[in-house]
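Heads up, the chain below is alone and in the form predicted alone; it's given as structure tokens.
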Amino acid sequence: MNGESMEKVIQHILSKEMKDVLMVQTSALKAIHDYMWKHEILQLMPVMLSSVTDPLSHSVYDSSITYAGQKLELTKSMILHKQMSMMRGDLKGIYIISPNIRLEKEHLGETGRHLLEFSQVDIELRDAKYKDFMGFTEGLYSYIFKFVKKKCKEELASLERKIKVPKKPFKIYESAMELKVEYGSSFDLELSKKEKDLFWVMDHYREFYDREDPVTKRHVNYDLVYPEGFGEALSGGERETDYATIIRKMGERKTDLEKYKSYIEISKRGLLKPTAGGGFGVERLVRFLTGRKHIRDISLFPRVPGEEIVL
């Protein structure tokens, strides 16, 4: 670290717009909690160390540690814990505001969307189909946008940002596979630049836990994408519950079965219940609400891939 690096950090913390950003963030979080309370969705505390975590669909640097002879992972997301928590038949749904650690490769610092650590709002609904969750999420986003627009008039004016409350239902693109052929691997960003409102993209080839329709072979999952070039907002799907299917999909994805033996055992016992869910980053939400160019601009202590961490 040099003096110039420290000076940049200090100026960032003391920047005039940061107070406005934090007010928008606080208002958005209040709206999330209020919406969950209204819909009787119960809050779980986050898990930050575990023997199982999200395998992710892209490579990151290893973030495992050894404690008392046991190898543990820093949480990349609570997807598996969400699903396992719904073994209880008396929960309508759960949510967590979960710290996630993903040691992303350095080049992702250039996207303006990636952080090494961020907070994710993870949601899981019992006995829900994809349409149920998508409708729930559209209501949540509309509620957040309305609340922030009303409560943060001065801050938004100072940030020169106008919030447009999204119209329901959101537009749906049915096949990520077809979009990838048409637009390439960055199809979500290309569409994000064109669209003026939030939209869904269905049918992504992803991790073993998203349900595959046994008849159509389509992946029953979805991404929610921000317009204006801001990119992905939320990822989710209906969950796989069948033991044989989970093992088969783990094999196809070359998943290390030993790392997921506790999850596999629960699946083998038939304890996993039909659910649908998803997760979205708080920082990406605040970035969109405030219209900031880079995600570092909305975090007081940003951890951007490839950048020096001073504080």
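In this text, residue numbers run from 1 along the sequence as written. What you see is a predicted model; the values in this text were computed from it and never measured.
Form predicted in complex with a small molecule: not shown, discussed below.
Checklist entry - Looking at the partner-bound form in the predicted complex, is residue 191 within 4.5 Å of the small molecule by any heavy atom? => result Residue-level check for residue 191: no, no contact with the small molecule.
Checklist entry - Looking at the partner-bound form in the predicted complex, is residue 235 within 4.5 Å of the small molecule by any heavy atom? => result Answer yes; at least one heavy atom of residue 235 falls within 4.5 Å of the small molecule in the predicted complex.
Item to check | Contact label in the predicted complex: residue 102 to the small molecule, heavy atom within 4.5 Å | outcome: Contact with the small molecule, yes.
Next on the checklist: Taking the small molecule as it sits in the predicted complex, is residue 120 in contact with it (heavy atom to heavy atom, 4.5 Å or less)?
Outcome noted: Close contact exists here: in the predicted complex, residue 120 approaches the small molecule to within 4.5 Å, heavy atoms only.
Checklist entry - Taking the partner as it appears in the predicted complex, which of 30-38, 278-286, 242-250, 261-269 has residues with heavy atoms within 4.5 Å of the small molecule? => result That would be 278-286.
Checklist entry - 134, 159, 202, 115: which sits within 4.5 Å of the small molecule in the predicted complex by any heavy atom? => result Exactly one residue meets the criterion: 115.
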